[in-house]
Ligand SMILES: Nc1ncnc2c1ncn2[C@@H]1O[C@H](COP(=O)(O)OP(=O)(O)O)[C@@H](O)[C@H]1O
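Taking the form predicted alone, here's one chain by itself in structure tokens.
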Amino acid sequence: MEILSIKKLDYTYDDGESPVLTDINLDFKLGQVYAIMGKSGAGKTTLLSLISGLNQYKAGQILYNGNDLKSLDKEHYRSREIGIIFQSFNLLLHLNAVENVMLSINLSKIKVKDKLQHAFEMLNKVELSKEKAHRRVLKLSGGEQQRVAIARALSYNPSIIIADEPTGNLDGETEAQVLKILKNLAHNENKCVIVVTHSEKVANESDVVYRL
């Protein structure tokens, strides 16, 4: 069964004259990596915003476990059910890596015995050492910052991981490392991973490619 389904989705900007998405029908299952591709202006980032519950749609449906997103508690959905990874990382630069992850744990209000240990475990999962976990984010490379962003998104164990151009600012080798982590999350931890990308390499490594 699909964990996320999009049915006959339409989205138009507030001026009512600029249709962005028209009759979109997509299905997403656990255990797979999905790449969403399309030209600039095709509505890829808008679609992610709608899936994330950040924007409201008027026509069509977005179903999470069979329930329309409109009927769900958006705060709970965004802080527990879905993890978001941004191209620009969106980390707090004055904090170190483990503090960024702990902040996410606190905001989600999940119950764990040892928050610090849990944060270290999330960073270890994305192959970031304890030594680097104690570094301020500004002292980390772009690839390492993206790993922190992934660990932060994983900290409350969401079923769906959404990534907006997660390798867009990275070199080829680092892109491959991040992609390996995302594939592992889907194939070995049964997450649904949805990636908006312009990268043909990311698309080729994905299980399903949707083009808008």
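Residue indices: 1-based, along the sequence shown. This structure is a prediction, so every number in the text was calculated from the model and none was measured.
Not pictured, yet referred to below: the form predicted in complex with the ligand.
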If contact means any heavy atom within 4.5 Å, which of 33 to 41, 170 to 178, 65 to 73, 183 to 191 contacts the ligand in the predicted complex? 33 to 41
State yes or no: in the predicted complex, is some non-hydrogen atom of Ser159 no more than 4.5 angstroms from a non-hydrogen atom of the ligand? no
Does the ligand come within 4.5 Å of any heavy atom of Gln61 in the predicted complex? no
Any chance Val20 has a heavy atom within 4.5 Å of the ligand in the predicted complex? yes
The ligand contact in the predicted complex: Thr46, any heavy atom under 4.5 Å: yes
